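The form predicted alone is given below as one chain in structure tokens.
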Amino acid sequence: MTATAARSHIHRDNLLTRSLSFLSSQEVILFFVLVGLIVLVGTSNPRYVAERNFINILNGNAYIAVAAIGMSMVIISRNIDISVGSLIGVLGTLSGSLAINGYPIWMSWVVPVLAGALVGAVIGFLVAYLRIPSIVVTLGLLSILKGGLITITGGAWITDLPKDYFLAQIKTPPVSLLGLNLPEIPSPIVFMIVLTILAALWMRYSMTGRAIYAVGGNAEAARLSGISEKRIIMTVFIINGLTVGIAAVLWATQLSIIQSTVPAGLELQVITSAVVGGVSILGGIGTTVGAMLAAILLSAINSALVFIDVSPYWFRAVVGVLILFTVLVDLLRRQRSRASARG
């Protein structure tokens, strides 16, 4: 075999390997599962594939997908935040309270985001510098936030919100693009897509983003490479706080009233979106794009149960199966990777 032929053969092998790797990625698998679900349920009930329902599916879990951006980074760094649902409830209540007490509308949007970043910084400090496991810190914070919110507000409803307050109800105007007439897009979908893309690019191409993967994959090796584990942990929790703050504002502004309570099971939905999206619970692996697709898939499944007349209580069972299946696949991939490295 000539040198040119050998190089051509190696190039084809590399191309085939990259293609197989791409097709087996969690993001591609989720995309095809989502398409398959739409086709299957749409065949059974054509109303499922109506434009309005598509918008509702995307919009339904958009704020969860936004929160899952920060959660993905936290889990990739080999940590976790189980207080995210309680924090969304508290920050959403804070946002509504500012709006009805005469503060400028922009403050009711910005202050919760900054407050979320501050809470994230406190969590990051306790985890990074005091070496308290993140699950312990956030479990304690969950109880503090949930109990404190009910104690202070009594679960009261926040009503009479200013008409300019409802950020999540703003829609883009319909436009024509490449011969296609695009409908009005609710702002949560715009936030979800834009923030996911920015986060994915930052994680892939920035030094800090790559350092997050390094710390989550092997903290000792990262330290020997000159990466500050403490700085990275602080960074991911602050970013997580920012995304939770944005998610809280989107959650609070989607309806005309706000109930001052913690949404039930919200932290599970956010963590599930990250894990099912391919973020390894053992750290070092995953993308924000996968988390977004998983959030959309969960919304699509929840909607599908309604259209095929299945009890919505089955949704939690489906979520449990997805979590177990995803974790099992991740463990098998890691075992195969280690076996290949030894071989």
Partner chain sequence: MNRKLLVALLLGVVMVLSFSLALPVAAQDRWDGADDLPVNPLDCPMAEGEAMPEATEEAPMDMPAYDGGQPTNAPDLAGQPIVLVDVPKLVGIGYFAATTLGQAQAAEELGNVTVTTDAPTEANIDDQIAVIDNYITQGVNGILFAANDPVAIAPVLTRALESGIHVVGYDANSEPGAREWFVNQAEFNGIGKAMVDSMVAEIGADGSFAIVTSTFTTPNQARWIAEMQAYQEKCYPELTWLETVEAQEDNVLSFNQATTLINKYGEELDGIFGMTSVATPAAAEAVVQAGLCAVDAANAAAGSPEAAVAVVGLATPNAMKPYVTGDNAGCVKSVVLWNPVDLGYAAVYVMRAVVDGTLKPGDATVEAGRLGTLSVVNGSEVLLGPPFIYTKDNIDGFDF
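Only a predicted model underlies this, so the values are computations on that prediction, with no experimental measurement involved. Positions refer to the first chain, counted from 1. The term rigid core refers to the maximal set of C-alpha atoms that superpose within 1.5 Å between the two forms.
This protein has a second form, the form predicted in complex with the partner chain, left out of what is shown; the following refers to that one.
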Check: Which pick from 228, 172, 208, 259 sits with a heavy atom within 4.5 Å of the partner chain in the model of the complex?
Finding: 259
Notebook entry, point to check: Since the chain is shown here on its own, which stretch among 28 to 36, 287 to 295, 314 to 322, 65 to 73 would lie within 4.5 Å of the partner chain in the model of the complex, judged by heavy atoms?
Noted result: 314 to 322
Check: Could you tell me if residue 40 has a non-hydrogen atom within 4.5 Å of the partner chain in the model of the complex?
Finding: no
Note to self: I'd like to know if residue 263 sits close to the partner chain in the model of the complex, meaning any non-hydrogen atom pair within 4.5 angstroms.
What the structure shows: yes
Notebook entry, point to check: Is the gap between residue 97 and the partner chain in the model of the complex 4.5 Å or less for some heavy atom pair?
Noted result: no
Checklist line | residue 106 within 4.5 Å of the partner chain in the model of the complex, heavy atoms | finding: no
Check: Though the partner is not shown here, which residues of 45 to 63 have a heavy atom within 4.5 Å of the partner chain in the model of the complex?
Finding: 45, 47, 52, 53, 56, 60, 63
Margin query: Checking residue 318 here: with the core superposed, does its CA move 2 Å or more between the shown form and the other one?
Written below: yes
Next item on the list: Can you tell whether residue 326 sits closer to or farther from residue 75 in the model of the complex than it does here, judged by CA atoms, where the change is 3 Å or more?
Entry: farther
Checklist line | Closer or farther in the model of the complex: C-alpha pair residue 325, residue 39 (3 angstroms or more) | finding: closer
